[in-house]
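The chain below stands alone and is given in C-alpha cells; this is the form predicted alone.
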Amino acid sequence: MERKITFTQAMWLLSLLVLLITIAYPLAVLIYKSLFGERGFGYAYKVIASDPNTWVYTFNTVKLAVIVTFFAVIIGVPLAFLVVRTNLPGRKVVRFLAVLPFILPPYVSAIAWIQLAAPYVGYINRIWNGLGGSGNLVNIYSFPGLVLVMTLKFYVYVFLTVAAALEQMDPSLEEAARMSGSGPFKVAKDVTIPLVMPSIASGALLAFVATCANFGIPALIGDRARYYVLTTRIYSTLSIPDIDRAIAYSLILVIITGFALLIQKRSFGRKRYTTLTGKTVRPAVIALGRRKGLVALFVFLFLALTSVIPLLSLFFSAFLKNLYSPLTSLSSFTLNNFKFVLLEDETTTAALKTSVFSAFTASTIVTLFGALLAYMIVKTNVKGRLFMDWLSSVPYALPGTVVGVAIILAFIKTPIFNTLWIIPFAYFIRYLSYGVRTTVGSLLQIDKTLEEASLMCGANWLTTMKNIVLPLIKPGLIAAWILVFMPTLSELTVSIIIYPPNHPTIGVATYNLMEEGQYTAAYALSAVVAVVVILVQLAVNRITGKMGARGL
C-alpha cells in the first residue's frame, strides 16, 4: 500500500535539509579541515602545540576575558540589586542608561572611547593639556583601556541576568531572615546573593564568552596597544592567507568557550536553587534612607561617565572638520562628514546599500524559516525536533570569527561565494536562533485547543495557520524580525571575514575608515549607526512591552 507524506513530514524534511546544509555542513568541514588541512594531516594541531605565539594569543584572550568578567560582576551585581531591590530614584532611567552601551555595536563603543581618551587628540587629554598638564593623562590604546571598554560593554550581561532573577525570586526567605533579626544588608549577603548565584554565574559566563569572541574592540584598541587576541589573529592569518593557522586559532576559541560552559554546568548543575514557587511575586524593596541621595548621585555619575559622555563625544566628533580643530570655534564644525559618508563616498554608500539589503533579506528569511522551525519544535511530535532546535542554536554559541572561517571553508567553491548573497546567507546562519527562540516563546502562549477547534470546524492546516496561529504570534514575528535586523545592519565580526569585493558592509566600511585614518568620516558613520540602533531598540521595547515582556 502506497504511503503518502503528510504536510508536516514534508516541512520537517525541508527544515532538516536546510539546517544540515547551512549549519551542520560548515561545522563538519571545519572539523575535517582541522584534521586534513592544506599542509597535511593534523597541521592545525601541530600549530597549536609548537607555535609559541599561539599560546601567547590564547593567554592574552583568557587573561582579558577573566579580568573583564571580574569587573563585569563587580559592576553588574550591585547595580542590578540597586535597581530591583531598593528605592533608588530614577530606576527606569538607570536601567536604560545601563543597557545603552550594550545595544550599540562593539566597534561603535570602541570608536566613542577612542575619541574621548586617545593620546594627544582625545578630549580628556586635550582638556588636561589646556589646564596646564603635560603629556597624556589617559591612553585608551593600552591594556587597561581595552579592559575598560570591554567591561563597560559586557557588564550588562551580568546586570540583566541578575536583575531578572531578583525580580522573579520568592521574597519569603528574605522576609524570614528579617523576622529573625537580620539587617537588610546581612539579608542581601546571606540570603539574596547566594540564591541568585546561578544567575551571576550565567551572566559572568556570557560576559566571558562575549569577550573571547569579540573582534571589533580588540581590533581597534588592542592591536594599537600591541595586545593581540585570537579573534584578531584569525582575521590577520586569513589576510595572508593561512587557512590552517586560522583553523587552529578557531579551534582554540571553541575549546575555551566550551570549557567555560562545562565549568558552569558542573558548578551549578547538581545544586538546587529553587526561587520560583508559582505564587505572585512582589520583590521586597529596601529603603536606602538618608543614603538614598548619595547612592543615586554615585550611580548617575557612573552612568554619565560610562554611557552618556562617550556617546556624546562620538556625536560631537562627527561634526568636526578634523581632529585638531579648536573645540570652541563654530568654524571647526561641519555637516560635510555626514554628506561624505551618506552621499559622496562610493565605499560607504555601497556599504549602506549592502547592509540594508543584507539585513532586510536575512531578517525576513530568518523570521519566516524560524517561525516554521519553531512550529515544528513546539506544536508537533516529529522525530528529531529537539536536535533541530539544538542545531539552530549552535552558530550563535560559537564565536563569529569561527562561523566566518567555517563558511569560507564550506562554500568557497560554490557560486554564492564572492557575491553579495554570501552576506545575508552568513547572517542567516549566525542569527537563526533569534528567530527560533523568539517565535517559540510566542507559540508556547497559544493553547492547543484553539487549533483543535479550528480543525474540528473543517479548516485545514493552512487555514488554521492563517486565521488562528499567525495573528496570535504576529507581535513575536515582528520582534524577531527587528531583533535580527538590528545587529545584522551593523555587523562586523562575520562580515569582515566573508565580505566580497565591492560589497563592504557598514561595519567593514567603518573599520576600514579608522584603519585608513579618516577618523571624522568614521565618527559620522558610527553616529548614524548609533541613532538607527537606538531607535530600533526603542521600537523593540515597545513591541515586547505589548507582548507582556520586558525589553532591554
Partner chain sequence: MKKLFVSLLIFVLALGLAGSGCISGGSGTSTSSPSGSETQIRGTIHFYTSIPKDIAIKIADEFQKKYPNVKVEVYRSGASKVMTKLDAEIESGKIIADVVWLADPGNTIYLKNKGVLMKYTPKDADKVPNFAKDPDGYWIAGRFIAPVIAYNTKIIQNPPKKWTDLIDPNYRSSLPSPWNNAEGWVAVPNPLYSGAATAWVYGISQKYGWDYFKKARSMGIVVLKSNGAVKNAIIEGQDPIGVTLDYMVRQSMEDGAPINYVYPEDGTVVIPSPIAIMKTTKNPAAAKAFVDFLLSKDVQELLVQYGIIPARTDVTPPKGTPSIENIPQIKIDWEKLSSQLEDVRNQFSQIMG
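Residue numbers count along the first chain shown, from 1. Note that the coordinates shown come from a computational prediction; the quantities given were computed from them, not determined experimentally.
What follows is about the form predicted in complex with its partner chain, which we do not show.
Residue 463, heavy atom within 4.5 angstroms of its partner chain in the predicted complex: So residue 463 does not count as contacting its partner chain.
Contact test in the predicted complex: residue 418 vs its partner chain, heavy atoms, 4.5 Å: Because a heavy atom of residue 418 falls inside 4.5 Å of its partner chain in the predicted complex, the answer is yes.
4.5 Å heavy atom contact, residue 167 to its partner chain in the predicted complex: Contact check for residue 167: no, nothing within 4.5 Å of its partner chain in the predicted complex.
Close approach of residue 119 to its partner chain in the predicted complex, 4.5 Å, heavy atom: Looking in the predicted complex, residue contacts with its partner chain include residue 119, since a heavy atom lies within 4.5 Å.
Partner-proximal stretch of 93 to 101, 236 to 244, 350 to 358, 192 to 200 relative to its partner chain in the predicted complex, 4.5 angstroms, heavy atom: Only one stretch passes the 4.5 Å heavy-atom test: 236 to 244.
8, 15 and 390 all contacting its partner chain in the predicted complex, non-hydrogen atom within 4.5 Å: No residue of the spot touches its partner chain in the predicted complex.
The unique member of 379, 224, 385, 437 whose heavy atoms fall within 4.5 Å of its partner chain in the predicted complex: Only one listed residue qualifies here, and that residue is 224.
Contact assignment for its partner chain in the predicted complex, among 459, 365, 323, 295, heavy atom within 4.5 Å: So the residue touching its partner chain in the predicted complex, by this definition, is 323.
Contacts with its partner chain in the predicted complex, stretch 337 to 357 (heavy atom within 4.5 Å): Those in contact are 345, 346, 347.
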